[in-house]
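Form predicted alone, single chain, as structure tokens, below.
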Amino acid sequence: MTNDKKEYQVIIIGGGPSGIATSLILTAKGISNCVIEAQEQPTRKFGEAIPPNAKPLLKKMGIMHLIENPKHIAYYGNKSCWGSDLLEQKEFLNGIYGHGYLLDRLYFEKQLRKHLKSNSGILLEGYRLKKILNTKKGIEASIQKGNNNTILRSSYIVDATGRKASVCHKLGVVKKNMDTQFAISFKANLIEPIEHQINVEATKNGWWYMAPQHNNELTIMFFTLQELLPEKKLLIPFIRKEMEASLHISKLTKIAKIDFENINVIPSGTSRLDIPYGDNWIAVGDAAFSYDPISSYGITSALASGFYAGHALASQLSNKKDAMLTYRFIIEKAFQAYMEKLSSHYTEENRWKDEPYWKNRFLKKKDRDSVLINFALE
């Protein structure tokens, strides 16, 4: 068993979009850092859509060329059944940024890792975070890969571990869940090709999301409340019943072979930290604020938070005042806009307003205003 010790100005836990974005900015600014990622190889994550308005950020970060790779598909809008029985086409092309992109998400994760390494980034793959200690000199993080134990020392640690916010948890910082929405996710293989568009459909007990991938594969997700989920042995009958109750998704699944053997059930509601940083740590991406997928904030917000966190850390390490406050202001303003958009979007659906799911999702104006007032007072 070996025991190595290394020092960096910043340690980043998590090698997804938010962690890599943070590292890219820090490296560009000459701040020594390393990214710790538990998975040896990238795994496919859910969330495929890059909306058109993300393009300026991608260009600032120097990663627009990754998205323009032929593996990713131009994305001109969604098909949505929301608020009525009609399946409506919602186009992007009227906007100033043109089309978006549907990602081959696994390939994009590989691209990000390769891009980080080719830009002098340090990525330690296959290492798991075991322990964090606060010391007078800063942070000590113990990581392990097989029999290799390594202690990393730094001034700051970045939590880029996603919704689970592992670093915050180890530091005793609690993330607040604002609702109990979960996603049931699975794959399907198309027998016939369909348009490369995201399909969204509201139903009595939640809503469906369907996105085509390369090789005639579909990503399918059904969003509902934790309290509406059945026990595990009844999950497949539950999915089949909900699928049959849909007006449009059911037609698409009839031309697909569904993989019911690999079903994931994961939290997918809104959650947040009261304050996204502390004396020697900062949270990015879903570790700081987790968004309802209906908002399409996912990948873009992860990259944006890493971008701004990288700048904040660089300024903080240069002894510039209010760097962390600026970071907090930026991402909380984004969260405030998200809360307003979320409330507005869910209130457009009134067909099942007295059903448990929709009662839960209907954020009353006084409750929404309470959230916004809290931001102003903090």
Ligand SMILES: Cc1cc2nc3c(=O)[nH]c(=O)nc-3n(C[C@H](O)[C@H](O)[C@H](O)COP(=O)(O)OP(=O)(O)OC[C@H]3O[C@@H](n4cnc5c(N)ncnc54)[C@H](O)[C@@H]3O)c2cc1C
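Bear in mind that the values here come from a model prediction, so they are computed numbers and not experimental data. When you see a residue number, it is the position in the sequence shown, counting from 1.
Same protein, other form: the form predicted together with the named molecule, not shown, and the subject of what follows.
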- prompt: Applying a 4.5 Å heavy atom distance criterion, does K45 contact the named molecule in the predicted bound form?
  reply: yes
Q.
Check A183 for me: does it contact the named molecule in the predicted bound form (non-hydrogen atoms, 4.5 angstroms)?
A. yes
Note to self: Residue-level question: is E37 within 4.5 Å of the named molecule in the predicted bound form, judged on heavy atoms?
What the structure shows: yes
Looking in the predicted bound form, any heavy atom of P212 within 4.5 Å of the named molecule? no
Among S268, T253, Q197, T203, just one has a heavy atom within 4.5 Å of the named molecule in the predicted bound form, namely S268
Per contact check vs the named molecule in the predicted bound form (non-hydrogen atom within 4.5 angstroms), the hit among 149 to 157, 298 to 306, 229 to 237, 255 to 263 is 298 to 306
When the named molecule is considered in the predicted bound form, the residues of 7 to 46 having a heavy atom within 4.5 Å of it are I13, G14, G15, G16, P17, S18, G19, I36, E37, A38, Q39, K45, F46
